[in-house]
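Just one chain follows, in the form predicted on its own, and it is written as structure tokens.
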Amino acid sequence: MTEALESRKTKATDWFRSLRDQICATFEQIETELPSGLPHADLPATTFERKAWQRPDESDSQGGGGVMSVMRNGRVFEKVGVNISEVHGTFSEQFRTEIPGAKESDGKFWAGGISLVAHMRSPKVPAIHMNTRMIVTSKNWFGGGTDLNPMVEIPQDTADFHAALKATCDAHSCANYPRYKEWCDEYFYIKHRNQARGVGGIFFDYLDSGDWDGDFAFVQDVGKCFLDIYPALVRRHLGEPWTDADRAWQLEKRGLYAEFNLVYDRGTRFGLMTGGNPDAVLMSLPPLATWP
């Protein structure tokens, strides 16, 4: 089983790396497509900068690491990060009680994944989050999801986004779109504001149907679905003009996004509790935001 598990880890991390490369190439292409005459169209199209990081484990040897890919101050993407990681080590006594199978593994864990957050220059283009991951303790499972965060909801965008996710889930016996949609709505709810962070999507965790290949195929298709639907939504609104009032509202909405990620997000907590690179963990935060 150990040999099979190591092969599965390799397959998963190879996919996360490939998906990162595909997303970065697509986003860099979109950076060149902003029509002239719009705000920031005179800026040069920007590209991703990559920075590797290493995580020391408890014995000061290497506990894995990752690569941050960040594009800043673009014509279309004000800030977008596409991070991959593969880390291993031992959970603290406190944290291992929160992770399935960690007690039985004496706290030993392995985790690999991809995490993306895009904050857009135009208030007319929705922000988005996407991540998928594989985690191993004495158990192993997949988790992840994606959710759309428009400044002002456009019903057709919401409908198209959810239709794409539903079709992806419906193609796999291990997936349950109604449950994953509900889970997303519950998870990305800002309790202290009594409001949703965005218009939802899907969220899933602890996915282990007993068919690893089937589960992995679904995780891959979540990434492929993202690559299909989100660039289409960006291009749909790329050429729309916007005002200073639109921008002010965008910055206020970003404040809510930041509140959720700092107060509730499990990925943020996991990264910080396992000694991840703080810059990579907090990549999700917007470059600018305001609060009422």
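So that there is no doubt, residue numbering starts at 1 and follows the sequence shown. Treat the numbers as computed from the prediction; the structure is a model and nothing was measured.
In what follows, reference is made to the form predicted together with a further copy of the same chain, a form of this protein that is not presented.
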message = Considering non-hydrogen atoms and a 4.5 Å limit, does a further copy of the same chain approach residue 259 in the predicted complex?
response = yes
ask   = Is residue 17 a contact residue for a further copy of the same chain in the predicted complex, using a 4.5 Å heavy atom cut-off?
value = no
request  = Spell out, yes or no, whether the shortest heavy atom distance between residue 96 and a further copy of the same chain in the predicted complex is within 4.5 Å.
outcome  = no
inquiry  = Would you classify residue 25 as touching a further copy of the same chain in the predicted complex, given a 4.5 Å non-hydrogen atom cut-off?
reply    = no
task = Please state whether all three residues 192, 263 and 290 have a non-hydrogen atom within 4.5 angstroms of a further copy of the same chain in the predicted complex.
result = yes
